[in-house]
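Quick heads-up: it's one chain on its own, the form predicted on its own, in structure tokens.
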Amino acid sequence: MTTPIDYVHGYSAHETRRLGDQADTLAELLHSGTAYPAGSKVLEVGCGVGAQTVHLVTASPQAHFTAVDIAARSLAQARARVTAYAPDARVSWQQANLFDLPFPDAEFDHVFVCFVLEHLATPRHALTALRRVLRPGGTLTVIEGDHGSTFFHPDSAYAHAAVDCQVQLQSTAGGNALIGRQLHPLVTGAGYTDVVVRPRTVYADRSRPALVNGFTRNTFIAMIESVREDALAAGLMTPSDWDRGIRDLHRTATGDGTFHYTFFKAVAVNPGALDPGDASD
């Protein structure tokens, strides 16, 4: 079975920059506690443009990584990014669909998945598919956001409505921008054990200018701004209300503004042979 992935954010140069800003700004927050032993074989699924890959190889320079993405263009950008950033990194590249990975059973010691499940209509099935290529006792790490965790000052109904447009558009495309809160039942339901999920919270105010610029402006607001045409075409907001919502979001990145968002990070263990009951979503 293969399932197409509709990447709601698109593949523009603007989106490539946004992904890089997000990964670099949040590297310590998201990657803290993730390091792999020398010689271990690590699969990164949905590597995109390599924004997370550079941080993985930095934290585990002696591990062997295989980075997979369904989009050839993204994979080429990822290879170029990692080569420039860490020319000695041990990374092989493979274009493939995560539902039909071209690897033997139990090929990898660890699997890393970041901001991928949110784009899938069948995330539990994806997690189950990954168990096939993960050795018994190997670990899974999954990181996802949850747009429902967004709150800010000054508050604005128009800003919340603009954020909700992105949530609705992603749902229409078959994804789920609220998936972070579901990680524990999803990972457990796919048959993994020793599942631990912890929040990784971003809070930005003027005392944290790097987060205000790197996350509030260049990651989150930039993501919402990118769906303007689709939101208006779908009739989710009027142009004037949308523009007001975006202006109000930008106010949260000014001197008296604050912004909060929560990511969720799950770590789990593959117990071994697949249970036939795990195959359904």
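Note that the structure is a prediction, hence the values are computed from the model and not measured. Don't overthink the numbering: it's just position in the shown sequence, from 1.
One more form of this protein, predicted together with another copy of the chain, exists but is not displayed; see below.
Since the partner isn't included here, can you check whether another copy of the chain sits close to all of 153, 198 and 207 in the predicted bound form (heavy atom within 4.5 Å for each)? Yes, because 153, 198 and 207 each have a heavy atom that approaches another copy of the chain to within 4.5 Å in the predicted bound form.
Only one of 135, 181, 90, 79 has a non-hydrogen atom within 4.5 angstroms of another copy of the chain in the predicted bound form; which is it? Answer to the contact question: 181.
Non-hydrogen atom contact residue 148 with another copy of the chain in the predicted bound form at 4.5 angstroms: Close contact exists here: in the predicted bound form, residue 148 approaches another copy of the chain to within 4.5 Å, heavy atoms only.
May I ask you to state whether residue 229 is within 4.5 Å of another copy of the chain in the predicted bound form, using heavy atom distances? It does not: once another copy of the chain is placed as it appears in the predicted bound form, residue 229 has no heavy atom within 4.5 Å of it.
Indicate whether residue 102 is a 4.5 Å heavy atom neighbour of another copy of the chain in the predicted bound form. Judged by the heavy-atom cut-off of 4.5 Å, residue 102 is well away from another copy of the chain in the predicted bound form.
So in the predicted bound form, is another copy of the chain close enough to residue 28 to count as touching (4.5 Å, heavy atoms)? Judged by the heavy-atom cut-off of 4.5 Å, residue 28 is well away from another copy of the chain in the predicted bound form.
Quick one: find which of 34-42, 220-228, 252-260, 64-72 has residues within 4.5 Å of another copy of the chain in the predicted bound form by heavy atom distance. Checking each option against the 4.5 Å cut-off leaves 252-260.
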